[in-house]
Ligand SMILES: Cc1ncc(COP(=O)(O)O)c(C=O)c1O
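Let's start with one chain on its own, the form predicted on its own, as structure tokens.
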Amino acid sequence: MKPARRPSNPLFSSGPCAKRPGWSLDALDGALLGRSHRSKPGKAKLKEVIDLTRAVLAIPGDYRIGIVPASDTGAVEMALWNLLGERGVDMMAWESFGKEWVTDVTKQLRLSDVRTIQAPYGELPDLSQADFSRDVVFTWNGTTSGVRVPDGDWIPADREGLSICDATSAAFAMDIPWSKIDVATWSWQKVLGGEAAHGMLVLSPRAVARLESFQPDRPLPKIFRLTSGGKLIEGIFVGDTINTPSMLCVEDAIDGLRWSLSVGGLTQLIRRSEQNLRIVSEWVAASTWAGFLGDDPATRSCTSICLRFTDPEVTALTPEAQADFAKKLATLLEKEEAAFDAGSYRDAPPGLRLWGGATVENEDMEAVLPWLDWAFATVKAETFGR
């Protein structure tokens, strides 16, 4: 039977993600429009984003936090192009974005001493293989694979190299131990549902020391430059951005951060997201057709919740037919306005992906699951002529 109740908010996209509960355009009324971002009030708005970010995530006071161009991609590229090359680098990859960073380092930067440590979708590589006498680049959470590192215990406190972490679908939903991280990046449009095209870059004192002591043997475009005359450009980390940000997006980011504090800060953001994962886990345990892409409960993502098919008839289909099945399933969910953008990532195994970050209400996650069952049964009947 078709479920009677739809999610109040059927937005389950993994980016841009759902706005915080209760959001409306009224949240942007205070936006500094028609004014320079370099004006005193403009800089104050940008500094507020930085200060609120530090408060919510409990980032140490000696870490720099900057707003940078081009979303998480821009922030990661800035880190790679500025910092890598002083020593060998280990690239850890287990999903599409991690693999993109491998491609950048090996084919664009063309560094000579690169080790690539990979695992297929749904698995983590052996983290003990990472050599922290070298620089290590990794994603905290695999946005397209639904697999995350379990903790920071595998990163030594006395490391010689830098730990460089793409944390775009982990920040604000997972406990990131800052003492183990030298560089972290994310984008506004992920866990807090902000607007796109703006990235965040966090640097530890060790990362700053590298920037000021190492000059890479390659040209750096203006939009990437973090130093001038061998010194960190401190203005970037107090709101003096490299290029012009959207002050409308800045206001939206402030709104999301203020909401985070209003619901109890990082502890409650993590709780909300982990509860979404628990809800799906209980459903999967009773499901006859769906399983997690990641088999290990200790490394399953609470934000990018990736599901695969376990039904014998569906798994017996060719990969192309399974992909078509998954596409029909996601299309039907969208047609019924039960779940938008719930299809798996294009390079991932066929299945579904539900965003479970803190802006997704637990009640909506509960409400969407009967729709998955109904949509699966409907598409299966059509596929096999029943």
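Residue indices: 1-based, along the sequence shown. Just so you know, these numbers come straight off a predicted model, no measurement behind them.
Keep in mind that the form predicted in complex with the ligand is missing from the display, and what follows is about it.
S.K.: If we take heavy atoms and a 4.5 Å cut-off, which stretch out of 164-172, 105-113, 283-291, 208-216 is in contact with the ligand in the predicted bound form?
M.R.: Stretch 164-172 is the one.
S.K.: Kindly confirm or deny that 101, 141 and 189 each have some heavy atom within 4.5 angstroms of the ligand in the predicted bound form.
M.R.: Judged in the predicted bound form, 101, 141 and 189 all sit within 4.5 Å of the ligand.
S.K.: Would you kindly say which of 299, 275, 73, 241 lies with a heavy atom within 4.5 Å of the ligand in the predicted bound form?
M.R.: Of the listed residues, the single hit is 73.
S.K.: Taking the ligand as it sits in the predicted bound form, is residue 94 in contact with it (heavy atom to heavy atom, 4.5 Å or less)?
M.R.: Flag for residue 94 set to no.
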